[in-house]
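One chain comes next, on its own, written as structure tokens: the form predicted alone.
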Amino acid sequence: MKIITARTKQKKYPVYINVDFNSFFPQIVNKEFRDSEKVILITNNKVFSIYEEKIKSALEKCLKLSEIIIIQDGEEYKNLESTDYIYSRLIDFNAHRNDVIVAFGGGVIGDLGGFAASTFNRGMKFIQCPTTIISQVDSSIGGKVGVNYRKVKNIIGSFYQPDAVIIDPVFNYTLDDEQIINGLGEIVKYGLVFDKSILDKLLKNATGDSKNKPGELIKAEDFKDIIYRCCKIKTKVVRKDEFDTGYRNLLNFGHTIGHCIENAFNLKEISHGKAVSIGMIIAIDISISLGFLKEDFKEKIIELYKMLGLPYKMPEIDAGKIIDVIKYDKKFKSTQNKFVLLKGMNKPLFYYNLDEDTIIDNIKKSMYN
């Protein structure tokens, strides 16, 4: 087992990375949450259909009263209606502040479960058990929780650090190719912005028999180390800037326009990971247009994308729809926008007040002709 300690102003908590969830999850709950009488596990119908027996077995071993709350699968269900349903179930189960909410699923469940945990009884104990690559390497760490509202992504939320993050890389083996590709996009972000060796490991394991076979790539022994490296980076970034006021904004590379692409396609036609992958290419194009990068940098990244099966083009859409959503970005002010760009590998920079025409021109470059 590998353990990373995340340290923030709110709290210090462990990030466990290990296989055999059914063994070490109950051990952690019984040892670290002795004072909790109840465990409430929140998941979605898709994850529950895969892991029903494993979930029930793990909860039985926790030797506490337990309840399972199932939400419909999909970004569109990360909303106040689902939150209200969770609240009603918590009330019916007579849940108290000292009881534990467990978010068992991907980023949507982590955000939704964390938001419920942060607000019910003014805050409950909270464990993240991420089951997708994106949630394991990124969203489960750092305390960002929230829901979408009026089709604006994550517009309602708070910072609420978990009490523990429990990662089993084997959960990724049940992901389909699209979900794996979503996660690989997030990993590429870490490689581009923080640590090139992550990209080198991806390339090493995306050659030969595993080329263009995401399911084989994630089973490579190196992939567990990639997860560990990303988690380590995320904890360091969060420690420097817990509330996302400066340095942590670097994690927004590819996300500023990526989130807008998601919204423009109604939060379901293009998934989060794919939108971020395209958003990173747009950010690279903007960097090139401003003279920070040369065209050959993009060419090398496109080759990496092809090796991993990541998208770098999207269906044609009115670029104005994407621009309209940018104004809701929480990193922006009413008179100022802020983009994360690159001036080289692992050389990110903040760029302020990018003009609209430059944004639109570079968005159009990533559309199918």
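Since the model is a prediction, treat every value here as computed from it, not as a measurement. For every residue, the number given is its place in the sequence shown, counted from 1. For clarity, a rigid core is taken as the largest C-alpha set superposing within 1.5 Å between two forms.
We do not show the form predicted in complex with nicotinamide-adenine-dinucleotide (NAD), though everything after this point is about it.
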Tell me the stretch among 172-180, 283-291, 118-126, 196-204 that has any heavy atom within 4.5 angstroms of nicotinamide-adenine-dinucleotide (NAD) in the predicted complex. 172-180
Give a yes or no for K224: in the predicted complex, does one of its heavy atoms lie within 4.5 Å of a heavy atom belonging to nicotinamide-adenine-dinucleotide (NAD)? no
So, in the predicted complex, is N98 in contact with nicotinamide-adenine-dinucleotide (NAD) at a 4.5 angstroms heavy atom limit? no
Just checking whether L304 would be counted as a contact of nicotinamide-adenine-dinucleotide (NAD) in the predicted complex - the rule being heavy atoms within 4.5 angstroms. no
Given that nicotinamide-adenine-dinucleotide (NAD) is not shown alongside this chain, does S139 nevertheless sit within 4.5 Å of it in the predicted complex, heavy atom to heavy atom? yes
Among G107, T132 and K234, does every residue place a heavy atom within 4.5 Å of nicotinamide-adenine-dinucleotide (NAD) in the predicted complex? yes
The single option of K313, K46, K321, K54 touching nicotinamide-adenine-dinucleotide (NAD) in the predicted complex, heavy atom within 4.5 Å: K46
Within 4.5 Å of nicotinamide-adenine-dinucleotide (NAD) in the predicted complex: residues from 64-87 (heavy atom criterion): D73, E75, K78
Core fit, then H259 C-alpha moves 2 Å or more between the shown form and the other one: yes
